[in-house]
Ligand SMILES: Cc1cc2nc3c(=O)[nH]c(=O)nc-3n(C[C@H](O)[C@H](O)[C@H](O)COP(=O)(O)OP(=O)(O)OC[C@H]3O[C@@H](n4cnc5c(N)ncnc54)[C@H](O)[C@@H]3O)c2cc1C
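One chain follows as structure tokens, the form predicted on its own.
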């Protein structure tokens, strides 16, 4: 879209064309709302297009809606996400195996089937492992999708509904009048709005600060590696050994580490990435997890910038002041929850309350007494 074609206004402006912003915009457009999405780069260019693709967030209040929606997303969007149901978690550490079996019992109590796997059963289900695997659990729910395809599917589906996406068009400032947000300033001019959704990942805090809104997030670089193709497994979504990821439809193993593998960085990210030694650590742990694929070469690596809240949980909230602003920051779990988070954001913007779950615990007010130096206390300072 050229500068001459840049819209002068929209009912809702969404800042951020990651998976959360795009899902929110798609849900809004489904309700017949005129929506414009702004992004400093291109759709899904940060962690939304560079993650493990998991969709099994059993600890979230959005979990039930996540599980309801994912099997429908290809049909709802009209484009493929490569979603595949079910997931396996295997472990080489007996304490972690006990932990995940407890997780399995918790999920079973919620009505979601989980099967315990002994070592032999785990090896049969995950043929790239060996006897060093002590066992695991088989989630008969959840699953994974292709992040790149999913982001593009949201974008195309949004545009099919008349939504507009402005790439390479960063939000420079948020304009207010009479206690409400009235426009977003961009390099292409001012875009007026009736309501605003801020889903700009690590940049969200900087955009909201001039409005005297303290959004506690710390930016970090999440890295992943991709191997040569391995023999196809029946279930490609496998976690374990501190890793999350999936086997692609070509057989590649795409895996990243947990929060302990993130490196604090500036919100805009490092100039070159990935540049850290973590790729070697990830490769070692993939080889330990899948000994029968240990000789595969790593053919590429990814790094996306994510934002982390102090307690590791998302912030989904419609603010009281300005009252027409909804904030969405997913703290590293945005991809899998995106069908549900987009639905929740649509509800907050239109109705002021989420229609399908109690998300009060995800409100910004929980950080009202947060210590000012929380980043330093947690060792998260860049």
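Positions refer to the first chain, counted from 1. Given the structure is predicted, the values throughout are model-derived calculations rather than measurements.
Here the subject shifts to the form predicted together with the ligand, a form of this protein not shown in this document.
At 4.5 Å between heavy atoms, only one of the stretches 72-80, 125-133, 164-172, 230-238 reaches the ligand in the model of the complex; which one is it? Flagged stretch: 164-172.
Can you pick the one in 333, 33, 64, 319 that has a heavy atom within 4.5 Å of the ligand in the model of the complex? Of the listed residues, the single hit is 333.
So which of 119, 152, 248, 203 gets a non-hydrogen atom within 4.5 Å of the ligand in the model of the complex? It is 203.
Indicate whether the ligand has at least one heavy atom within 4.5 Å of a heavy atom of residue 304 in the model of the complex. Judged by the heavy-atom cut-off of 4.5 Å, residue 304 is in contact with the ligand in the model of the complex.
Report yes if any heavy atom of residue 53 sits within 4.5 Å of a heavy atom of the ligand in the model of the complex; otherwise report no. Although the ligand is absent here, residue 53 would touch it in the model of the complex, with heavy atoms inside 4.5 Å.
Look up in the model of the complex whether residue 13 has a non-hydrogen atom within 4.5 angstroms of the ligand, and give yes or no. Result no; residue 13 lies far from the ligand in the model of the complex.
Should residue 197 be counted as a contact of the ligand in the model of the complex, where contact means heavy atoms within 4.5 Å? No, residue 197 is distant from the partner.
Identify whether the ligand in the model of the complex is within 4.5 Å of every residue in the set 103, 141 and 347, based on non-hydrogen atoms. Zero of three within 4.5 Å in the model of the complex.
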